[in-house]
Structures are given as C-alpha cells and as structure tokens.
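Next up: the same protein chain in two forms, each one alone, written as structure tokens (structure 1, then structure 2).
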Structure 1
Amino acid sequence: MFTRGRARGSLALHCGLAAAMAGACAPSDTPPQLSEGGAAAALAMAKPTFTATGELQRPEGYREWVYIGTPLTPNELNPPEAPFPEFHNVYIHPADYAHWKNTGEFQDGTVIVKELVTVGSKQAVSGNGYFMGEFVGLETTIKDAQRFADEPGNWAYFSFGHAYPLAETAPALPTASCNTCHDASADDDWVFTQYYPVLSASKGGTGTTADAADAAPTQQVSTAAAQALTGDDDVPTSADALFEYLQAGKYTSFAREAEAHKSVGPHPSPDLVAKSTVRAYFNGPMDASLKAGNATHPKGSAIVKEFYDDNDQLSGWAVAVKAEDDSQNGQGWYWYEVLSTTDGSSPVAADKGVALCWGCHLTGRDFVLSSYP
C-alpha cells in the first residue's frame, strides 16, 4: 500500500494527474531521474515509443506510474527453482489507469510494466519474510489495435532482460511465448487483474463503491436456466457413466472453443503437453454463466475438454462438473481425466475434490481457467 501511496503522491506533487493527461506535462530530454522536479514527472508521463524497425524502446519513468501490485513466486514454493523467483512489481500508465477506473476497460495504447526485483533479505527486525533487493529485469505489455492487429486481444509482450544491463530496445515476442498463457488464465482482457486488487477494486463502469465494482458482473443465471439440465447438458459424475457419455460424444453439440490449441496448463499430461492440443466444450449452464461474466457458476455447469495427439486423433478427455451449489474450495467440483478413448478403466482422476486438479484450478474464475468466451 505505501508504495502505491507514494507513487500517487509524487504524481500529484510534481505534475498533477489531470494536468498530465491534458498534456500540460510535455515530454522532455531530461534523463530518467526518478525523483526531482517537474521534468522527471513529465518524462514519467511519456509512453515508450517504437523504433523504425518496430522494436519497443525501454520504458522510462514508470516507477512514477500507478503501482498495482507485486506477485512473488519464491523458489521455496516452487522447488527446486522458480522460473521467476523475483518480486514482480507491476505498474500501469496513469492515463490508462484513469480510463480503467472510468470504464472498466483497458484502452487502446495501454502500457503495463513489470519490473523484477530480487529477493534480498529473508529476515528483518519485523520478522522472517521476503524483502526486496535489487532491480534485475523488466517486461512490458502494450495493447495496440493497429500495430498488433494480429495478436490475440491486440496485446504484445516484450522483455528487456532478466539481468542488468537491460536491453535498450526489444522486439515483440512470439504469441506462444507470452500471450497464450495470458489469454488462457488472466481474468480481464489478458491482464491478471485477479492478482491486482488495486485494479479489481477500482474497476469502473460497473458500480460506485470499490467492493461493488469488484463484484459487479455477478448476476446469476436464472434458476430456470440452471435447472434445465436435460439430456446432453447433464454430464454424469461417476466414472463409468461419464466415460460412456464421452465415448458417445454427447457433449459435441455444446458451445466450444473455436479450435484446438496447445494447453497452457499441463493438459493432457506434463510429458504429452508439447505434442498435444486441447479443445474445450461448455454445457448450457456453463456457457450462459461464462457469457454473463459470473463470478460463480450454477450447480450442473460442466466443461469437457478433448485431447488430441500429434496425429490430431482424439486421445482422451478432462472434465470438470460443478456438483454442488457451493464450490467449497474445489470439493464441490467433480474432476475427471482419462488418457484413452477406448478404455475407461483407469482414469487419472474421477472424484469430487481431487487436489491435483483443484489446486491448480483454484486460480480460475470459480475454478474455470479457460478464457472462453
């Protein structure tokens, strides 16, 4: 909290958000000093530009933007070693933050910066913990409908390195390296707003108080719709019946993802994920609930996910069925996975509350990780 207060305070002090957005703080040639005077604040207002060859110039002045959070994935929780064990300090440009607050949307041109900071000390007078050390890396994402017309959501991703000195410029990274994971798992327009309460609590266009804004799009599907679980929508929650149901293809008329794609998760299994593709199908209640943007889904909502092998042959399924009114931390969901289309006798999972499954799906919207619709 205090860092956010400081960033906002310094904006007000040096320039003023309104003045900055009205263009009263023109960019200057002053180097990126992070503290003193109006010039630095003015520079902080400048968005990064592109080189003639389309590479992104390293952003500057972003430590004076709006600070939205610090996810941390320490080695201790990701043995033996996390891919990014550092703090991820995330900032959004003030004009983009203002737009988000007013409308609940990321405007075209939105810039978000993630600065990596090493874990320094693990001990302080306040106790044991994780304390920030040195700046060590920088990544950026930009939404630009014209420049990145072909990128999903028009978001492109850039890395300026994971060790100092950082690169001066960076090319947009391939869709599969970055965008695909954001696409599948981020809550809001490719951004992981679920980990940035500063954003979720300020999301505009949906309510007046912070909490209402956070929880706004949660109107439940009508009880009638939830109860209309007839025929194909009624996905069985016992292993044998479900395998028969899957073999008979009773889910194939559901709303589904446009095409099979690589799993950004471990599906169908960690050793097969590189060679396989997946495609998810959503039964009526689940489809309606996801389209309504509900925070929780009605009992009976179900997703069937097909696995395809490297010859594009169907090779198995994963299924999640909300079996209770309350998700109960994953205990209320029935989880099923089988890596065969001919033999249902040894499913990988077939039970309510399978920890292997819900432990990962916990980060989703009521346990659903797909970005559909």
Structure 2
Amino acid sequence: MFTRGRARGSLALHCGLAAAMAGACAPSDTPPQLSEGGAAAALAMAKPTFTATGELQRPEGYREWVYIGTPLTPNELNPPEAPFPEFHNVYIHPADYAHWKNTGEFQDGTVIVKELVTVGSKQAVSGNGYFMGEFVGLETTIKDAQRFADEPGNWAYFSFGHAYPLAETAPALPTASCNTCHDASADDDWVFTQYYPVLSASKGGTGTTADAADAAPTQQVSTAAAQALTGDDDVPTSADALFEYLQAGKYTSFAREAEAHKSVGPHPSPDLVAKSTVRAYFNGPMDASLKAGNATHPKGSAIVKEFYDDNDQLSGWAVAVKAEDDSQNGQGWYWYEVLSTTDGSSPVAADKGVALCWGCHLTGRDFVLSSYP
C-alpha cells in the first residue's frame, strides 16, 4: 500500500508485487495484426512509460491487472484524523505478479498501482462497516535499477493527485516521502507484503494448496529426449507457413484431448461473441513435458487448438509454440490465432510475445493452460 502524509505531495507505498517484463516500464509489443479487442487487451498489458523529461505517464488499463488487496486506515481508528484515510485498491502488473509467484522476488521493472477511494457509507444491509465511496487519487511505484539507481531498493514513487481530474504525468517524489518508511517496515524489498495475503500465499509458489502444486518438483524431460521428439513435431512459426501447415492437418497425428469442449478462455467463434468449442493437440515435446508434469517446457513444444462453430465444423485455430529456451515472460512463445480455415491473410495474432495471448496464459504452467489429455 502506498502511504501519504498530511502534506498532499508526501507519499509512501505499503504494498507488494512482482515484475517480469523485459526492460523497466517498457510497453508490451502490440502486433499489427491484433483485432480491436486484442488491442484493448494489449493496452491493459502495457506498462506505463516516461516522458522525455523523466515524468511518469499515468498508467492505463491497471484495473485489468492482478488485484492484491484494499487496506484501510479510517479516521475513527486513528484519531483525530488518519494520514491516509482512504481505501487503497492495489494492483500489480500481471507479468510482475507471475515473477513474484515463481521466484518470490520483485524483478527489475515491477509496477504497482494504488487507486484511492473515499470511505462512503458506513451502513449497509449487511450491517455497519466501511463501504467505498468515490475515486479520489492514483499513485504508482516502480522498481527500475537503471532509471532509479540512486533510490533505496531502486524504487521510485509517483502521485497523480488526490482529486480528479488526475494529472497526466508525475515526477518521482522525494526519497524521504516514501522510501524511509518502506525501508524500515516493509517485509519484502521495500514492499509491505505483510498486508497482502495474495502475495504472501503465492510467494515463490508456496502458500496455498494451488500455488504449492504449481511449484511442486517435477521430472524434466532431458534436452536429448526433447530433441529426439522433434522432427515431424516441428510447428512453423511464420504466419503463411503455419496456415498451410494447419490446412494440411499435419498436427492431427499429435496427442489430443479426448473430446472437444467449450473453451474456458476468450477464444471466440467466428461471430466473435459466443465461445468456440475447442480441441487441443500436443506435439511430441509438449506431450512428453505435460506427461512428466514439468514446471517449464522445452523449446519446440507446441499446442494446436481447433475451433468449431455451432454446426461442429472446423472454423479456425490457435497455436502456441515455445520458440526460445527461456519463456521470457511470454515473449519467448510464438502465438497465432486465425478465425478462418480458408483465408489466412488476417490472423488475430501472429508473432512472438503477443500481449493478448501471454496475458491470458500467465496463470498457466509455463504459459500452458491445457491439462494433460
């Protein structure tokens, strides 16, 4: 959570999260072939940028990020008046949360946003309490070893105001405004993770049962074994070649899900409204890696997902290919989606690091959401 003193320009951050985007605060790449909905999703995945004079641009799309909590220190419990009496809705960038979840560390580039909301009503049908009122401010903290090399922990803090309309840009606040308190009292790397059970439960894959399962030790497929499984299992990573590959049905010999089912993700039917019925196919390296329960998958691992329309006719495909040894927070995967089986000229996505795709797949094991068939 961020903390601000009585002076409006004074701010401190009481919260915790993680970073995983390559390059501090650089916006995610948005492939030119993204649909309108995809562009919106990519905007939500983009990190805030800096002006030429070093001021931070106000973050956009942060309500689509990972929400980690809402601390509240009301006036009634801090008489005569609390220094920060608002609700503090705190969000962390999804890639940063994924890194925290996997490693228990906030990597360089971590972005955390805190939205300030007044205390509104103190009564509801459920009883007496504190209930949210109006949005009144926005604050951000960023960890950037290059840009903030002289700041404690390489964290800098920004306030876009405590009244609307908010400022479009903000300079870094003085070190004494925030870092002193964070240094003295925050549990993890200048972040008050002790007030965010979402972070405590997921730190480094420990805590909740689900997170512990994600981090369970597994038997990795050896490099030699992975190479032995390639060959016919190679899936192209260029749009034209991949479309021809899909049309030819070369993936249909792969291991596959037992039956088609409704997609649990945003993959649409051709009318872009209803969710498609889908069926996933796993090439040799991916099949072996899933069978072994690997935490990461070898380079060359691929999944092809078929889409079916309401008449159970094949209507398109989505493809994910691990193109690099390191997933690079989704940047090392090639993502492809097309909503036609006859025309491959307008794919929804066809590139490495498509934000629309990896943003959804962040919660999967090494960006794979499908279960072993």
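Since this is a predicted model, take the numbers as computed values, not measurements. FYI, numbering is relative to structure 1, first residue = 1. Heads up, when I say rigid core I mean the largest set of C-alphas that superpose within 1.5 Å between the two forms.
Looking at the condition given, the form predicted alone, one finds it describes the source of structure 2 alone.
Relative to the superposed core, residue 316 shifts its CA atom by 2 Å or more between the two structures. Relative to the superposed core, residue 51 undergoes a Cα shift smaller than 2 Å between the two structures.
Put the two forms on the same core and the Cα of residue 66 is off by less than 2 Å between the two structures. Its Cα shifted by 68.8 Å between the two structures, residue 350 is reported here after superposition on the rigid core.
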